[in-house]
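One chain follows as structure tokens, the form predicted alone.
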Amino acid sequence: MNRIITIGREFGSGGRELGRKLAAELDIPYYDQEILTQIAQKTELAEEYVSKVLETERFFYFPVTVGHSFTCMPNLAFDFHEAIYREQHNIIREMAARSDCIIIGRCADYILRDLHPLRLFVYASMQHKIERCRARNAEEADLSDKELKNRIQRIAQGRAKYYRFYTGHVWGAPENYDLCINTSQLEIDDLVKAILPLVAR
């Protein structure tokens, strides 16, 4: 069986950096943006739209009233969300079957649960996430702490709702992961070194 590591992460916690560096040390594929690209290609939807869907909860719409009757109109948004999740599921399964790998987010820990991946969740204090976002993203450098905090919280809420909808579990709850990692006071490089003995063969 392939060695699979899934990483859930809070926005601004450094989960992606940890995943990239861990993959480099293990010399195994790292999948993140590649999943979005493949979904966009297979669904013929814009990659930006796919990204937004995967960061938010599924949408529901009530039937539309037409005259004195109720008609359930085709719900294109609902169909798009279903198609995107279905392709995400298939792509992640294909990646895991191909070789050892690290997969970032996108319910991979749940989708691959029968393969028993090592499930990591990366989190940090709000202040650390604010500082990290400001230091690493030019678009966020000029935002106030309050604006950045609101953005981080919005993203977290979207991820939590999406994860809950498709898995029935609580995003970030320790019982759903094998290792929860706080990056607030430790360097990513040091954390990678600490994790390596758990996953190296």
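Residue numbers here begin at 1 and follow the sequence given. The structure displayed is predicted, hence computed values, not measured ones.
Same protein, other form: the form predicted together with another copy of the chain, not shown, and the subject of what follows.
Peer 1: Verify the contact flag for L118: yes if a non-hydrogen atom of it lies within 4.5 Å of a non-hydrogen atom of another copy of the chain in the model of the complex, no if not.
Peer 2: Although another copy of the chain is absent here, L118 would touch it in the model of the complex, with heavy atoms inside 4.5 Å.
Peer 1: So in the model of the complex, is another copy of the chain close enough to Y85 to count as touching (4.5 Å, heavy atoms)?
Peer 2: No, Y85 is distant from the partner.
Peer 1: Please determine whether Y110 contacts another copy of the chain in the model of the complex, using a 4.5 Å cut-off between heavy atoms.
Peer 2: Because no heavy atom of Y110 falls inside 4.5 Å of another copy of the chain in the model of the complex, the answer is no.
Peer 1: At 4.5 Å between heavy atoms, is E25 in contact with another copy of the chain in the model of the complex?
Peer 2: It does not: once another copy of the chain is placed as it appears in the model of the complex, E25 has no heavy atom within 4.5 Å of it.
Peer 1: Heavy atoms within 4.5 Å of another copy of the chain in the model of the complex: which stretch in 128 to 136, 31 to 39, 149 to 157, 172 to 180 meets that?
Peer 2: Comparing against another copy of the chain in the model of the complex, the contact stretch is 172 to 180.
Peer 1: For the stretch 183 to 201, I need every residue with any heavy atom inside 4.5 Å of another copy of the chain in the model of the complex, listed N to C.
Peer 2: Heavy-atom contacts to another copy of the chain in the model of the complex: Q185, L186, D190, L191, K193, A194, P197, L198.
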